[in-house]
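Listed next as structure tokens is one chain, alone, in the form predicted on its own.
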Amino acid sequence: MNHKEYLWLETRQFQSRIKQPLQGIVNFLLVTAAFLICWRFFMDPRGTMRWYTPQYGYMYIRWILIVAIWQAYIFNFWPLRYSFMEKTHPLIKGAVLIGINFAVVGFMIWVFYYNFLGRLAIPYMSWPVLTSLGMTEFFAREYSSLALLMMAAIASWLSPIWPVCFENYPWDKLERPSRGLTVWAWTFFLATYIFLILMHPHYNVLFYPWQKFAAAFPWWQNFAHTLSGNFNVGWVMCGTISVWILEVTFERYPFCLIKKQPLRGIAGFFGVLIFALVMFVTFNFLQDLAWGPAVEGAKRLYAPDWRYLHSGELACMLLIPVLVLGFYFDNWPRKFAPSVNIAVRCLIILVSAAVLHYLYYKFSPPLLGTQPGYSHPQQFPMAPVILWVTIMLYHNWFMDLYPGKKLTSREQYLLAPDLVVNKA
């Protein structure tokens, strides 16, 4: 069959169970409650598992996020049949998809990285290997977790690029699972290659003595005024958030006006990259205005590496209102010209992110068990923010925004031999 297989997420049609804005408020409060419960059990230093060290817990969160992106955008929910996605109760479907998510995360971390790649190629990708080489357990976990979470962060920037900007070109005519496996292999290769350029040099200078025969010297040192890989962490996080602003807030506008591939994909990719770099530079500039210039060699608030990291954290905080407005309030407004709709949404998102920034640093220590202050090593906003985002994605992608909305019908796309649904 020679047809374009559309993403499941692009074919869904919903019926509201509750009118807006009550529907959005109810769903948002339910998701926030789920986030707080999960954080308390798994991450909170006062809770049960206490994975927020902070890098160890954040590493799991990042991998849960990227595997969810793989499930929805790369594999189009394969190996589940479309009939299962269509007819199964959202809570049961969500439990199955989350179970698959956790299984893949466990395999990637504990089998592929800890016991394969970490043992046979790159020791810092396995904390058990680092421990066996004489490093203390805490630092072994933190150093290896930083590597693995950065691998997932780069993948979460590049993996959505192909379906969002390139529409899976040139493999868009392939069916499941061939298309998913091909796009996954390609984007995972790119993510690994870029990791070696952006993060591997960080591990040259992280260990003593410096590993100059195994890794390149940090090439960004002369213009970023730091040896830390946080420079790349910051702008890559801005890139990740830029993809979702394009997908949700901008609804792929204006790149959707370009009809032909790969021109549309190339324009979208560089558009996202330029937007990310502008965001990164702007957040650094705002910090210089607030606290004065960063000082090379300084610590904490005045350290260039922390400033770069915080720019990524500020970008992550933008993602909360982006998804809340897009998922729970139907991406309001929609009645004006696209440019006007986008301008109003952006204003709402910027104001909401500023409020969230203030509330987070005021209430996160008692609520989440983090440390007071902006630059304390145990104050790492990316971890709770990305967990919150991940639960929103679970709720939308895996559970069809239940109970606020109900999946009613789907557009009449030829999706696969196992299911063709007529438009209601």
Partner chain sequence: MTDISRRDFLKGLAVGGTLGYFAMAGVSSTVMKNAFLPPPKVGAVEIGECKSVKATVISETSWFNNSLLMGDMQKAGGLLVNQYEIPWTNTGVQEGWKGDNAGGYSTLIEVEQLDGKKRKFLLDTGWNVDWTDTCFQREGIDKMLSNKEIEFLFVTHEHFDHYWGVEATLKYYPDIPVIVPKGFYPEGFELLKGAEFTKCHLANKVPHTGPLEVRDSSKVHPVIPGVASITFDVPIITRVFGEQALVFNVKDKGLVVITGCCHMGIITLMEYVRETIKGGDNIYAIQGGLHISPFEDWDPQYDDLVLAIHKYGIQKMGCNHCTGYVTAEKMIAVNLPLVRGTAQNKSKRDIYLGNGDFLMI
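Note that the coordinates shown come from a computational prediction; the quantities given were computed from them, not determined experimentally. Residue numbers count along the first chain shown, from 1.
Quick note: we don't show the form predicted in complex with its partner chain, though the next part is all about it.
K.L.:
Against its partner chain in the predicted bound form, would S83 count as a contact residue? Criterion: heavy atoms within 4.5 Å.
P.N.:
Residue-level check for S83: no, no contact with its partner chain.
K.L.:
Using a 4.5 Å heavy atom cut-off, state whether H202 contacts its partner chain in the predicted bound form.
P.N.:
Yes, H202 is a contact residue.
K.L.:
Report whether the minimum heavy atom distance between G99 and its partner chain in the predicted bound form is within 4.5 Å.
P.N.:
Because no heavy atom of G99 falls inside 4.5 Å of its partner chain in the predicted bound form, the answer is no.
K.L.:
Might H357 be said to contact its partner chain in the predicted bound form, defining contact as any heavy atom within 4.5 Å?
P.N.:
Outside the cut-off, so no.
K.L.:
Looking in the predicted bound form, is its partner chain within 4.5 angstroms of a heavy atom from every one of S16, S159 and H395?
P.N.:
No, none of the three is in contact.
K.L.:
Looking at V278, L350, I197, A185 here, can you tell me which has any non-hydrogen atom within 4.5 angstroms of its partner chain in the predicted bound form?
P.N.:
Residue within 4.5 Å of the partner: V278.
K.L.:
Could you work out which of V111, L91, L263, L133 is the residue within 4.5 angstroms of its partner chain in the predicted bound form, going by heavy atoms?
P.N.:
Going through each option in turn, the one that passes is L263.
K.L.:
So which stretch, 395-403, 45-53, 381-389, 66-74, is the one near its partner chain in the predicted bound form (non-hydrogen atoms, 4.5 Å)?
P.N.:
It is the stretch 45-53.
K.L.:
With its partner chain taken in the predicted bound form, which residues across 122-161 come within 4.5 angstroms through any non-hydrogen atom?
P.N.:
Result: T136, E137, F138, F139, R141, Y143.
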